[in-house]
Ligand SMILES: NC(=O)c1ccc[n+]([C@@H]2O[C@H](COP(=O)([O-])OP(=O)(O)OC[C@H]3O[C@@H](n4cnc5c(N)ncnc54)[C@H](O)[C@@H]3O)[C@@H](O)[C@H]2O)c1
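So this first bit is one chain, no partners, the form predicted alone, shown in structure tokens.
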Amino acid sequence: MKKIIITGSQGIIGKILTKKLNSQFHIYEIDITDRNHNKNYFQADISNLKSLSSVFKKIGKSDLLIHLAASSAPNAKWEYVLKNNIIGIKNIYECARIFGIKKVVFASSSHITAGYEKDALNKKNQKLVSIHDPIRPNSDYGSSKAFGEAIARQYFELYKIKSICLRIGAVLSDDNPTKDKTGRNLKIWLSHRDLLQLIKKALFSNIKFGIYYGVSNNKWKFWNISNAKKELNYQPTDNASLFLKYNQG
């Protein structure tokens, strides 16, 4: 089995992936918390290159890396965004270069284009937002994820490290999009099942560099996932509106 490093393994997505991928990969986890005592778990602050490099050295040569670690709150303070999302991702790619990791799947964010969302939610603009639309971040968090995509491209151009950047929607701990009273999650939900499929397709894809929205096949989604379907063969199976229908019925 291939060896894979997952950063941010103690977050919602990290826990889903470490559980679901462990039959297909030798998984090594990196997170800032000290709650996990698995022998393949390493505590590290990704903003500290020296410390992070020592962890990568202990892990040894790896085939793949899923980078999830970040300050994930859209309203996160600038100092945390700078430390974890900007310095942190630069350090991650530098470690990938130093230790010969050939492919990274980067958890980017739909907040890169959050500026389009108000019109989409109000149904004033029926056009689906695609990766070809100009970025419209409305927070330091969104801008930091755009920086992450730029770093991913830079390291591909300079060092041929392949990267798949996934602008992930709402992955919920209970996998239930109906509890959000605003109705937003019915549009941006990415189910655990579709998340796992998308990650696997990204890992095994021959695409050298790509940016894709990660969302389930929701009736009211406002992101265009046609390139993910075409290039990654991503075929989402879940639909938040059907989830709502089944649970009300």
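This is a predicted model, so every value here is computed, not measured. Counting begins at 1, following the sequence as shown.
The protein also exists as the form predicted in complex with this ligand; that form is not presented, and the subsequent description refers to it.
K.L.:
So in the model of the complex, is this ligand close enough to residue 107 to count as touching (4.5 Å, heavy atoms)?
P.N.:
Residue-level check for residue 107: yes, a contact with this ligand.
K.L.:
Does any heavy atom of residue 68 come within 4.5 Å of a heavy atom of this ligand in the model of the complex?
P.N.:
Yes, contact at 4.5 Å.
K.L.:
With the partner left out here, check for me: in the model of the complex, does some heavy atom of residue 44 sit within 4.5 Å of this ligand?
P.N.:
Residue 44 belongs to the contact set for this ligand.
K.L.:
Taking this ligand as it sits in the model of the complex, is residue 194 in contact with it (heavy atom to heavy atom, 4.5 Å or less)?
P.N.:
It does not: once this ligand is placed as it appears in the model of the complex, residue 194 has no heavy atom within 4.5 Å of it.
K.L.:
Residues in which of 27-35, 54-62, 176-184, 199-207 have heavy atoms within 4.5 Å of this ligand in the model of the complex?
P.N.:
Partner-contacting stretch among the options: 27-35.
K.L.:
Within 4.5 Å, heavy atoms only, which of 131, 170, 76, 161 is in contact with this ligand in the model of the complex?
P.N.:
Partner contact (heavy atom, 4.5 Å) among the options: 170.
K.L.:
Let me know the one among 136, 83, 153, 118 whose heavy atoms come within 4.5 Å of this ligand in the model of the complex, would you?
P.N.:
After the contact test, the surviving option is 83.
K.L.:
Any residue of 128-167 with a heavy atom within 4.5 Å of this ligand in the model of the complex counts; write them all down in order.
P.N.:
141, 145, in sequence order.
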